[in-house]
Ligand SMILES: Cc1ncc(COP(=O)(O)O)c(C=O)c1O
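In the form predicted alone, a lone chain appears below as structure tokens.
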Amino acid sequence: MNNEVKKRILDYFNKDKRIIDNPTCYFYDLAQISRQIKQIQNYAGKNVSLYYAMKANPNKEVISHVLSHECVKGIEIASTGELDIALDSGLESTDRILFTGPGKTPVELERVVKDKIRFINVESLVEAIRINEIAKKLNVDKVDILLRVNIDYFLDGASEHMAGISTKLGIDQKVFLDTFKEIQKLSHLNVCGLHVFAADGVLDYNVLLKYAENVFKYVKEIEPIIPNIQVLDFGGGFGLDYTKENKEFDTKSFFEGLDKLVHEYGFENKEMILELGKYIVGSAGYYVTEIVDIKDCKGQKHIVCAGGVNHMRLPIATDRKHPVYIIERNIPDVYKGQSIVQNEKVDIEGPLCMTEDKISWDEYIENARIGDLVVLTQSGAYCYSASTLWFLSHPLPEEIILR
């Protein structure tokens, strides 16, 4: 955690020495978001298109900032609710929208067909037939789609797998060509390419390059049957380090390797789409909560905070801790001799009436006192919006933009 962010956090909590009604918040550092986007802008090939996967962080000011970068071609959504947020955040045209995800309802499909978004990523034959019937009803000649295929390839080294296993996502490669032949009969659909998102949280760029090569081989194999594959949507996958080791996904080496593969397979005229969310905003977020109590129970210290899994569910849900920092505030003691933490392992927990309410555990802390602040870094993606915010109806954490 850099000193400027630490200073801004302290300024917020200590301003006028006021008592804060809701001592929990998220800070989003826009400069860090720009640094991440520039990593793509500096190294990506000309046929790579960057879309922001807004499910990672749907904060309107964050979306608006992401869209302010010329290299960001548009937004990837997973619901029409996200479509509304994107349009309310400065996205001026629906033809910059990709719609992905399983279980799209007929109502949602009708909305995006009417709005003429760029691509619908189709997950099944059922979905394709529904889109075709909607297009027929609305007198829409053609709807551009990408077909999501669950490739027979398992990526080692990922935090989450979406292909190469039995999953609801995409069309199984074993039946993909047969499914395509049925979709081909649907007169209102235009198959423009494939969606091949397979895994997330990959830190080793070589793993994603091996997968890209496998996809390219598969495309070469099926092109005699599907001759008009113009687009390959790889989804996301770029990993984020959730330790304090400062590991980074090597974007330069990845794009150099991808460019070599593109030339080797003669795919210069195919568009390569990346839907990145976590990589763009994950490292820009900080969750901050005040220590309300420190308890010693059966030989174990417990730091009790104003916010818990209701505000920050990701660590316990993924069994992956975020980097933890303590900011001292020198608040007067509630009583003489109250519990403090000094060079010991603790569980850091929230105010919920459940023992699973932990935002970190077995965490070594040098010093912590009641009134200090717990900061979880790498909290810009899948944290605020993926939490059980209304559980027990505690106040929602404020979202603060650092400009």
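None of the values given here were measured: they were computed from a predicted structure. Don't overthink the numbering: it's just position in the shown sequence, from 1.
Although not depicted, the form predicted in complex with this ligand is the subject of the following passage.
The partner is not drawn, yet in the predicted bound form one stretch among 129-137, 108-116, 235-243, 82-90 has residues with heavy atoms inside 4.5 Å of this ligand: 235-243. Not displayed here, this ligand is approached by K278 to within 4.5 Å at the level of heavy atoms in the predicted bound form. The closest non-hydrogen atom of S283 lies beyond 4.5 Å of this ligand in the predicted bound form. Taking the partner from the other structure, this ligand in the predicted bound form has a heavy atom within 4.5 Å of a heavy atom of A53. Under a 4.5 angstroms non-hydrogen atom cutoff, this ligand in the predicted bound form has Y382 among its neighbouring residues. When this ligand is considered in the predicted bound form, only one residue from N150, T100, N310, T251 comes within 4.5 Å through any heavy atom, namely T100. Although this ligand is not shown here, in the predicted bound form the stretch 306-336 places no heavy atom of any residue within 4.5 Å of it.
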